[in-house]
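What follows is a single chain, given as structure tokens, in the form predicted on its own.
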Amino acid sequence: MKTFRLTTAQALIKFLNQQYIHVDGEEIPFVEGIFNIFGHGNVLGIGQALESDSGHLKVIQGKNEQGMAHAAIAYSKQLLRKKIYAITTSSGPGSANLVTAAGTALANNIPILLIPADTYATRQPDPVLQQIEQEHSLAITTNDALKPVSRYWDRVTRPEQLMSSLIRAFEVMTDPAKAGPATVCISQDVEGEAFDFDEKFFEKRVHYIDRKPASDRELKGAAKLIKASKKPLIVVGGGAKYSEARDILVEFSEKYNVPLVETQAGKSTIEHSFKNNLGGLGITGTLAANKAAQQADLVIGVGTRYTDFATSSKTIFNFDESKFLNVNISRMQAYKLDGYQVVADARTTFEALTPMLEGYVSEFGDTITELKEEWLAERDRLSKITYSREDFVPEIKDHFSQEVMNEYADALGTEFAQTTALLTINDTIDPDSIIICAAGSLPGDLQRLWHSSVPNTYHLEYGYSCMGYEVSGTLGLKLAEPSKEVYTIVGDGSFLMLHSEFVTAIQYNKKINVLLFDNSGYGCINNLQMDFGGGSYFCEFRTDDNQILNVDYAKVAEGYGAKAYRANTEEELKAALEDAKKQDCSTLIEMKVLPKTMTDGYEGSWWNLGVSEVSDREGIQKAYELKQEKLKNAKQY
């Protein structure tokens, strides 16, 4: 048996270079590169191995462990999970910073490889720098915090353990049903230890992603349900996008007159202009999609997890009359809402199912067109709304007084509405540009208002709704789609939470565009507390003397080396966007927007939240009463 005498870290890098994925006849390297922040736990092991021979791996220096992991998540998500970046961090705080990102990857079923350093396997120098200690166990380290947010987790305390650990990690990451973060913790002393590794461990390894077909029983059962329905509805989830099911879903929808609605993860699987695409579903959904959902007697979930936002906390559907048909590669997800399960690839399932329904047509008739036209008229109305001290719309009065809104207008120097800014961006950037967002009120506006003209150009991280994902994720988008313009749509709250990889994008000349909506606060949560009867409490950005903060984010961006713009009117924003397209460097457009100028809920939009059962505020009492009424119609499982 031929062997290679290598350190554990050198063997790791050599192995990563030999991993390939095979999808639909195409074979490509699975690991594109490795993000790093070196510390004492990994610089002398993995750092040395990369410096010695990184192979084809692209090595990128990150600025924050969470931020660079977010970039890796966005990269893999944009490429439909066909390629990944690995992440190496030092032990202690560096490893702990991965927890949020791992949770984000897990919630979204995105494969990334996390390689945090660990404490000493020998335990002889313990406690080493950055090591935590627990009285009840010497085996616990910071990396144990990654166990609940990893799809696969292992600790390597001997060099030979690396072989079985990595093979298992890649099996998990390349399984569409289980895809998620794989965490392989390597003791920092073991990283430098040598072992005679079997040469077969380093042979080219191809991971085949075969599309799982639906069984004959599953197809016959699904066809029977559809034929028996009068108004079926397809919910397009993220799994439909990963399955690349766009063409067959369009064919199915056209042939049988079945409307399509989208989750955040599923949006842009099919372009908005498709006649039967009614847009986003649920709490942040369109009026058209929600009305169709309420009429549906069969809900066909395609690659969706049925989150509370998509289902309006299980109140959007008529559960007394509706049945559910779930097509999902994950058996667990297929069982949701007590639906009929088709545990199979979405594209192959509908390719087999479509010819089985010859002669069937839904009873939606012209309703799909009417619902879409009604919503487009509402979207047009929203695009024309303006705000001023003299023209204060009634909707805002429910939350903010005229006096408070004027205070914001004076402090921020703007009368710009968030919806107007968003629709201006949609109309101005190139159709094949990619946008990214994750948290705040912007995802709701985007799901309702954003028109994706080209498939896979809408990138929302809403499985975890992780503040701080947006800017770092945009670097991942640019790495995945280097020839396209990529845009972060981010609020000031999320920007302040984390934008570390903005600097990395500038450092490596990976042009990204940050579109910063500044309303000086956590506007989404401020809406929430006031919608449910509370006051405006610690969600606005105010000084000790109650003055509204006005941060010059454009100046911050200029300090980093980006091209910055200030745009507080529609005309200024259009000009900034057009000029930003011409730049070779990263850009940031700062928009001061008034709070409370985002879209509100439409019919069917209700969110089940923990409203206080006891309160002396009348508004909270009413919110609690409304919750009890809504729960009477909610499905309980």
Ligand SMILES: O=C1C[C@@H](O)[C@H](O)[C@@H](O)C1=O
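Start at 1 and count along the sequence shown; that's the residue number. Computed from a prediction, not measured in an experiment: that's the story for all the values here.
The same protein also exists as the form predicted together with the ligand; that form is not shown, yet it is the one meant from here on.
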property	result
4.5 Å heavy atom contact, residue 443 to the ligand in the model of the complex	yes
4.5 angstroms heavy atom contact with the ligand in the model of the complex for residue 414	no
4.5 Å heavy atom contact, residue 607 to the ligand in the model of the complex	yes
is_contact(residue 315, the ligand) in the model of the complex, heavy atom dist at most 4.5 Å	no
Residue stretch of 139-147, 122-130, 459-467, 267-275 approaching the ligand in the model of the complex, non-hydrogen atom distance within 4.5 Å	459-467
Selected contact from 356, 525, 177, 549, since only one has a non-hydrogen atom within 4.5 angstroms of the ligand in the model of the complex	525
Of 190, 439, 557, 405, the one that lies within 4.5 Å of the ligand in the model of the complex (heavy atoms)	439
